[in-house]
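First, one chain by itself in structure tokens, the form predicted alone.
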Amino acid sequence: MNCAIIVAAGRSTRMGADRDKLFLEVAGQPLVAHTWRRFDRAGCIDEIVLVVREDKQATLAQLAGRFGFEKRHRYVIGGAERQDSVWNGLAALSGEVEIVAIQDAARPCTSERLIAATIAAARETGAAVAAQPVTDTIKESADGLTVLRTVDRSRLWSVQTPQTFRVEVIRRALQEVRRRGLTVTDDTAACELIEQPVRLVVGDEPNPKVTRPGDIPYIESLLKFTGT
């Protein structure tokens, strides 16, 4: 059994002006509704856990009815950090779940093909992540003002979501994070602590995340193009 955890408990601090990006209208619908629909329609996903702030549970429940989401789902309250929200989501999984795909709620263009590919890779390896090789020239700066050096990009990858795992793997990895008192912003970073191999899964379609206001026009154009 495969489950998706959609992490929707963030505060959108980089959007400015107290804007909750997940509920901004993008291509005619709240951003989070686009993301939810991708997983609701994905044949490789059996159930969905949405990790949310307590004050947004009712709003999400209204969205489920408004957009006719049919797949079995439940709501879980988020934690102080992203890793705590994921931990809470893992605690809510059904006992039959073997594979879990963890998704940023603000990444609404993820294709079913990519979701399925990460599930297949995680089933084989234990952990997998949607990723793209870095193509821009990368510079390091010590002060944020001037270039210190050029970084070799040939071994660099930009990771996205879904980040997908056998359930026992990600639980063990996050237990190690908690044991050490660390903070990680990426679930696969927890796997590095337990020396768990993570398979890179390259998608063939854009899979951007809304972080700043300038991201919205591009993502809106992608959503309109794909008809979602």
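All residue numbers are counted from 1 along the displayed sequence. This is a predicted model, so every value here is computed, not measured.
The protein also exists as the form predicted together with another copy of the chain; that form is not presented, and the subsequent description refers to it.
*Asks:* Within 4.5 Å of another copy of the chain in the predicted complex, do Glu140, Arg155 and Ser158 each have at least one heavy atom?
*Replies:* Spot residues vs another copy of the chain: full contact, yes.
*Asks:* Would Tyr218 show up as a contact with another copy of the chain in the predicted complex if we use heavy atoms at 4.5 Å?
*Replies:* Yes - in the predicted complex, heavy atoms of Tyr218 and another copy of the chain come within 4.5 Å of each other.
*Asks:* Looking at the partner-bound form in the predicted complex, is Gly65 within 4.5 Å of another copy of the chain by any heavy atom?
*Replies:* Because no heavy atom of Gly65 falls inside 4.5 Å of another copy of the chain in the predicted complex, the answer is no.
*Asks:* Should Asp46 be classed as touching another copy of the chain in the predicted complex when contacts are defined as heavy atoms within 4.5 Å?
*Replies:* So Asp46 does not count as contacting another copy of the chain.
*Asks:* Can you tell me if Val134 lies within 4.5 angstroms of another copy of the chain in the predicted complex, counting non-hydrogen atoms only?
*Replies:* Looking in the predicted complex, residue contacts with another copy of the chain include Val134, since a heavy atom lies within 4.5 Å.
*Asks:* Could you tell me which one of Leu200, Leu182, Ile194, Ala61 places a heavy atom within 4.5 Å of another copy of the chain in the predicted complex?
*Replies:* Answer to the contact question: Leu200.
*Asks:* Heavy atom within 4.5 Å of another copy of the chain in the predicted complex: which of Val151, Ala120, Ala92, Ile77 fits that? Just give me the one.
*Replies:* Exactly one listed residue reaches within 4.5 Å, namely Val151.
*Asks:* Picking from 46-54, 29-37, 165-173, 184-192, which part of the chain touches another copy of the chain in the predicted complex when contact means heavy atoms within 4.5 Å?
*Replies:* That would be 184-192.
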